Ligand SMILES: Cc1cc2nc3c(=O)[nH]c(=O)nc-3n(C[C@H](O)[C@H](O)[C@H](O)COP(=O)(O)OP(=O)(O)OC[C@H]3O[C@@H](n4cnc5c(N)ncnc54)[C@H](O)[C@@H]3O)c2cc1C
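This document starts with one chain, in the form predicted alone, laid out as structure tokens.
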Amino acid sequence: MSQIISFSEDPELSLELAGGAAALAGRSGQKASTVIVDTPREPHPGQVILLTSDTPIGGNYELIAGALAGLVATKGPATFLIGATRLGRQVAAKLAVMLGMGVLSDVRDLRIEQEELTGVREAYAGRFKARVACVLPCIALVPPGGSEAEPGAPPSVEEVRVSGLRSRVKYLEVRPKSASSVDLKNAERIVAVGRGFKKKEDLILAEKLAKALGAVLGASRPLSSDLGWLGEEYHIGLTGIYVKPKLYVAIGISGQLQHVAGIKDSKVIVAINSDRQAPIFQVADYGIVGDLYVILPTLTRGLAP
């Protein structure tokens, strides 16, 4: 292996991966580069490779994979760190087929040991951790928070132009998602709601408690994805957002493994549920067994100035 290349369309995650690639390269005596497609982003420390083409690459995963494969043809073998976003997963799958590489999914704590890239991933919805390995060169899908953005060398941008890109996928329309005011990833306090609420209008009880705590509102999958009471940006769990607040209050959430996987790094977990056998109490630091329709107004009044 001669180089480690990181890529993500998400600017914040791209910086994280750049730090992770630089750290990994430093320990193994390799060279680290960050790939940015079409348009340079500033500031971005360290070695940056700007990939351009006669055909705008944009967010087409086939074109991105083709461009990354073209980069290998130009610069030689590389191990890739790709952000584990929806687009990143598509790019990694396509690139793996094109280059005949193996893929490590959702890995953290990356290391190069002999001729393998190893990483730690969660198994059985976060109940266990497994160290997995892949023969170099390979691809690692790294989730947000899987590495740390670190100050690097001053930016050095090298433009590499690739040609002959083809895609069987045609994008008819791209609709950007409206900006969300919900920032669960960086929230210090979160109040999350689940199926214990009987109707959507009752969520006002949780909203009032969140306001009293200075917290952000979140939700389990049934309320965001199944019932649609809240948008996807509120969804916390294995298939949603991983959070690690100082305080996490789970209201009417049973605590299935998929949800617990997304909250296990919370410093303090408080559970409110009418079912004393609910799995959420097994991971909670504090638990209240009772009717949320009685408990929430009482807590909110108690927190009032």
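None of the values given here were measured: they were computed from a predicted structure. When you see a residue number, it is the position in the sequence shown, counting from 1. Think of the rigid core as the biggest set of C-alphas that the two forms share within 1.5 Å after superposition.
The form predicted in complex with this ligand is left out here; the points below concern that form.
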item	value
Non-hydrogen atom contact residue 275 with this ligand in the predicted complex at 4.5 angstroms	yes
Distance check, residue 291 to this ligand in the predicted complex, heavy atom within 4.5 Å	yes
Residue 252 within 4.5 Å of this ligand in the predicted complex, heavy atoms	yes
Heavy atom of residue 166 within 4.5 Å of this ligand in the predicted complex	no
Contact segment among 219-227, 166-174, 103-111, 116-124, judged by heavy atoms lying within 4.5 Å of this ligand in the predicted complex	219-227
Heavy atom within 4.5 Å of this ligand in the predicted complex - residue from 30, 60, 256, 52	256
One residue of 69, 48, 247, 238 in contact with this ligand, assessed in the predicted complex (non-hydrogen atom, 4.5 angstroms)	238
Residues in 183-202 close to this ligand in the predicted complex, defined by a heavy atom within 4.5 Å, in order	194, 195, 196, 198
Core-aligned C-alpha movement of residue 271 between the shown form and the other one reaching 2 Å	yes
Core-superposed C-alpha of residue 192 shifting 2 Å or more between the shown form and the other one	yes
Displaced residue check between the shown form and the other one: residue 260, CA, 2 Å or over, core reference	yes
